[in-house]
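Given as structure tokens, the chain that follows is alone and in the form predicted on its own.
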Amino acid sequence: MSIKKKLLAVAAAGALTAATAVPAMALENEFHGMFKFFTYQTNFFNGSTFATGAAAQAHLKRGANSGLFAEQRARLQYIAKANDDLKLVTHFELDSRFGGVTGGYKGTTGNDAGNLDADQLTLETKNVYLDFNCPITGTNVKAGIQPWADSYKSLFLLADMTGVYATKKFDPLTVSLGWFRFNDQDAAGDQDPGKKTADLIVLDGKYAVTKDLTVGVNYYNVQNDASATSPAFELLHMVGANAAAKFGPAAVDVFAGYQFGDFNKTSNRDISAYIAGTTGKVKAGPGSVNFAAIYLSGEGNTTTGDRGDFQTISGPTTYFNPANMWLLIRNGQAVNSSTSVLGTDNTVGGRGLWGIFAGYEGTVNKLFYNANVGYAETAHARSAVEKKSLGTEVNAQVGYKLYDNLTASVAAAYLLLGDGLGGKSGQVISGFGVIDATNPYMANVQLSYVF
């Protein structure tokens, strides 16, 4: 055998040895995502997530002035799937307003990519987590930066957080246990990890009584040693129950929860607050009637004494999408302009909230439509003259399915402000209301693409 042939034989044998030494893996790559484009004509929204609380209310002072702006959001998701029991999920987001936002969205440096010549760093991390089924116990485990939503229609918390979440099914019972750390920082600045932290512990159980009835119980525990502002409390226990039932043409969810704990241990201030609500949908004619009602307890004096107002980890991470509002409660379809006349704080600065909402929705071939009305008040006034009425909103939306993955729609909303947000001096809610404010309105055109 020639030297050349010997070298080829040795190389082939080496390659075969290396190939057999490496385990075979057929990695499956999945790509998903969405793109939304909005253009608004409005006297309220300003195309920025910074429009919350008092800053948002400043727009009501503009009288009849109205602005036209456009914004967009894209989300890109890549999943590296080894098999049905093991995958890595990554999810990223890009936000822009046409013309740009000086300073960027959400406190980022520079402008966003909507300005002239576009070049900016705008990629945001939403999720990076490992999702696997334990081969020993059959438990599903998610570890990393992941989304989590509470059992109260996201009125307590809906956010992307770092943590570990395990779910095990014992048909008909499903049990979940999770630990999330949403703050790990020493206020003194020495960045010593694990000493001054804020953690959320979750224990959730759901039991399928029948195919039409599921009941659940949950316990949330928040221990906050990291910050006195977000959240404001130091220790929170939250226990609650929920149920989802179908009755012929109706599907109804109910939930209730109670909070207790230490608002401030040093000053002996305790927490005693609660939440209750219901959502539902009933088939009627060619479409369905939807309805929702919520109550968040409030507090008249948040400066001293115990706290009776419903506590959340952070205002920007609370939602109530079943309301189907655009101005009174922020809308689940919104992207960068994700705010309302309450900012992002459904507790209205600790005053609590109650509201009722109803609407009708349906589809005709590729056409879809909905119309909604809602009313809300604070649960507790801060003075004898402060008014509790927040307002009454009416809105409507009509859309068309251009392709299987692309829809176009137009929506309009008008809010008749209550005295608490647009009344006389002394009556309006401090930090939220504006004296003799103009009623807010908006109209938008939306393109929505999912893949």
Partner chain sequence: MKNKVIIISFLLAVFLTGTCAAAAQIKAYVGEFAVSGMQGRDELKGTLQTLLSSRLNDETILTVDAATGADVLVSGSYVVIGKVYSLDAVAKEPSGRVLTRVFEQGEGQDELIPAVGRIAQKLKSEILKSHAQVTTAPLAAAPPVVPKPEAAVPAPAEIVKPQPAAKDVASGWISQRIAGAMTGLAVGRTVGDGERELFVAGSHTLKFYRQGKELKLVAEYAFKTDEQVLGIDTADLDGDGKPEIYVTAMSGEALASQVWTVDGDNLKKIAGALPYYFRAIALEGKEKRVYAQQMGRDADFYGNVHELVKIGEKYDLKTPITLPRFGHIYNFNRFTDGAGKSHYVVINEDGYLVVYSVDGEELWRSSDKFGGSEMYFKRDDITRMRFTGDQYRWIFLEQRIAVNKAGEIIVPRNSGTFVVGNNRSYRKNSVFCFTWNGSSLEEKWRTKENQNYLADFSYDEAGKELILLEVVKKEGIVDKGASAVSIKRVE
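Positions refer to the first chain, counted from 1. No experiment lies behind these values; they were computed from the predicted model shown.
What comes next is about the form predicted in complex with its partner chain, which does not appear here.
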| query | finding |
| --- | --- |
| Non-hydrogen atom contact residue 364 with its partner chain in the predicted complex at 4.5 angstroms | yes |
| Residue contact check: residue 359 to its partner chain in the predicted complex, 4.5 Å heavy atom | no |
| In the predicted complex, residue 84 touching its partner chain (heavy atom, 4.5 Å) | yes |
| In the predicted complex, residue 297 touching its partner chain (heavy atom, 4.5 Å) | no |
| In the predicted complex, the residue from 96, 378, 259, 324 that sits within 4.5 Å of its partner chain by heavy atoms | 324 |
| Residue (of 271, 200, 334, 226) lying close to its partner chain in the predicted complex, criterion heavy atoms within 4.5 Å | 334 |
| Candidate stretches 148 to 156, 232 to 240, 175 to 183, 340 to 348, one within 4.5 Å of its partner chain in the predicted complex by heavy atom | 148 to 156 |
| Non-hydrogen atom within 4.5 angstroms of its partner chain in the predicted complex for each of 281, 319 and 404 | yes |
| In the predicted complex: members of 220 to 257 within 4.5 Å of its partner chain, any heavy atom | 244, 245, 246, 251, 252, 253 |
